[in-house]
Structures are given as structure tokens and as C-alpha cells.
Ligand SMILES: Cc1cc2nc3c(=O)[nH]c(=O)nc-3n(C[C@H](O)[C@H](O)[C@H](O)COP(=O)(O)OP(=O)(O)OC[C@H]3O[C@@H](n4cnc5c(N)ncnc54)[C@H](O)[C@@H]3O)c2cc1C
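Take a look at this single chain, the form predicted alone, given in C-alpha cells.
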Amino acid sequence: MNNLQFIRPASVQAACEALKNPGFMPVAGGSDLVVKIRNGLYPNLEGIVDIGDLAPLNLIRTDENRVIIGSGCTMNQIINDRLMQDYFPALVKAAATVGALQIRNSATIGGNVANASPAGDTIPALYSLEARVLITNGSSTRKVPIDEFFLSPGKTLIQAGEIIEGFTLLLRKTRGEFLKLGERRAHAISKINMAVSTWNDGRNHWRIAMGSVAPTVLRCREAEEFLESCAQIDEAAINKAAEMAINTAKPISDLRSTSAYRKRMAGVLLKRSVTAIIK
């Protein structure tokens, strides 16, 4: 650790080349990685590759019928972007819950996703928006549906010499909500979180994703299909969808919460989210 190398590449290609070295890791905002290094969680770390200043990763742009969010975009960049506000409110609300203002100025969406934490706040929002992850090795890019990207807590499809280039979302106007429960109202790791997005392209679509209730984020597909089948979403329909969410959740008990509490709160968060959206 005393001989830790620090590399600041001039291009995405150079960054990917440096990351082929065993024990090298990328860093952008560093809000999570630096803490983990200090806590000794990376004993075999040999080098850090700073990708925070690579311009192609720091942009939100449109490409035909899709929006591309660069992996280096900060939480506050997402929160303050008018396109994000108008089209993807679930993601904006999720970004707004990440840490304090200072953290949101540095924490990036790519880092939040790459951590692969079941409690990662932007991850359920990206699930609810059917995002694709753009993974690059510097010369080619592959697109992976967000729900295929995570293998287990802390594990993703990223291989040596690859980084998350960004995320693509269909350019469609959605309504959405994001809610989380933690020890405190802010700055806390989620005991459970939930993102809900809905849109209409001739028929109604609902997408519901929960975090901290399984090794990776879970989609509530039964509740989604039920809400899509409802001619009217009233209190009875919301209560039934909430029961489906409870049945979908597969949480564990840990230091932050119990399994029973998380299952019960899955229903509560779904009720609150859907009610807020339809109002």
C-alpha cells in the first residue's frame, strides 16, 4: 500500500489499458473507494486510475431516441439537469438521497452502480427505467441490461481492462418516485429502498424495483403486471399491489434491520410511491 501507484490517463482508452494491470482500480469521485481503502478492504490494491476528468464520461446527452448518462456524472449533475427532471424523476429523487451536498458534488452514478451494493440508491431507479449499462474496454462497447449486470453483492460483469462508460435510457417521459428508509432521514445506508416509474405509450407501464431485500435489486414483476391490468388504480388496488411486493421481497436480518421489518416496509413503500404518483 505504501507504493500505491496513481495514474491519471488522458483518454478512456488509456484508462482501460492501465486497468489491465492486476490490482488496479478506477476512481472518479472517490466518495466510497477512499473510505474502503482506509478501512483496509483492498489489501491487494496496487494502483488507482483516476477517470474523473475524462470528458466523455462526464456528459448527459441525447442520441436519437435515447439519453446517455456518462458514468462520471455526479449526483448533483443529475439532480440539476432539466432533461433528467422532466423525463426521469425517479432517478433524480434517488440521486438526491445520496449522502450530503458535499458528497453529491463528487459521488458519481458510475461509482454508485459499480459498488454493486444491494442498498445502492440509484440502482433501483435505473432498474425502474430499464437502463442499459455501457461497458467499454477502450476500443469497443457492450450494452448490458441493468438487471443482468450484477452477479452478487459487490460483483458485476466488469472485467479487467473495462470501465462503465455510462447508462442509456429510452427518451420517454415518465412519472416516478423513490423512497428509502434508514436510521436517519439523510446520509444513511438504506434498510430498504424502492423506485417506481410509470409511463404511457398507448397503454400504461409500471416498473417497481426494491433494494436491500435480496443479494441484488429485485423487480416486483407481479405487482407491475397487476397495476398495468387495472382499469382504475384505487386504494384496494394499491393494497393488493403492496401485498405482492411483500411476497416478492426476500430480505435477511442484519445489523441495520430485521427481515420481518424489511418485508413489511416493502408494502409500505409501494403504497406511498404509487399513491404519490397517481396524485
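Numbers for residues come from their place in the sequence shown, where the first is 1. In this text, all values refer to a predicted model and were calculated from it rather than measured experimentally.
The protein also exists as the form predicted together with the named molecule; that form is not presented, and the subsequent description refers to it.
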* 4.5 Å heavy atom contact with the named molecule in the predicted complex for all of 28, 35 and 98 -> yes
* To do: Report the residue, out of 192, 164, 126, 78, that has at least one non-hydrogen atom within 4.5 angstroms of the named molecule in the predicted complex.
  => 164
* **the named molecule: the contacting residue among 181, 84, 146, 119 in the predicted complex [heavy atom, 4.5 Å]** => 119
* Given that the partner is absent here, does residue 51 sit within 4.5 Å of the named molecule in the predicted complex, heavy atoms only? -> yes
* May I ask you to state whether residue 197 is within 4.5 Å of the named molecule in the predicted complex, using heavy atom distances? => no
* Taking heavy atoms and a 4.5 Å cut-off, does residue 171 contact the named molecule in the predicted complex? -> no
* Asked: Does the 4.5 Å heavy atom contact test between residue 176 and the named molecule in the predicted complex come out positive?
  -> no
* Asked: in the predicted complex, which of the stretches 84 to 92, 137 to 145, 108 to 116, 197 to 205 has residues with heavy atoms within 4.5 Å of the named molecule?
  -> 108 to 116
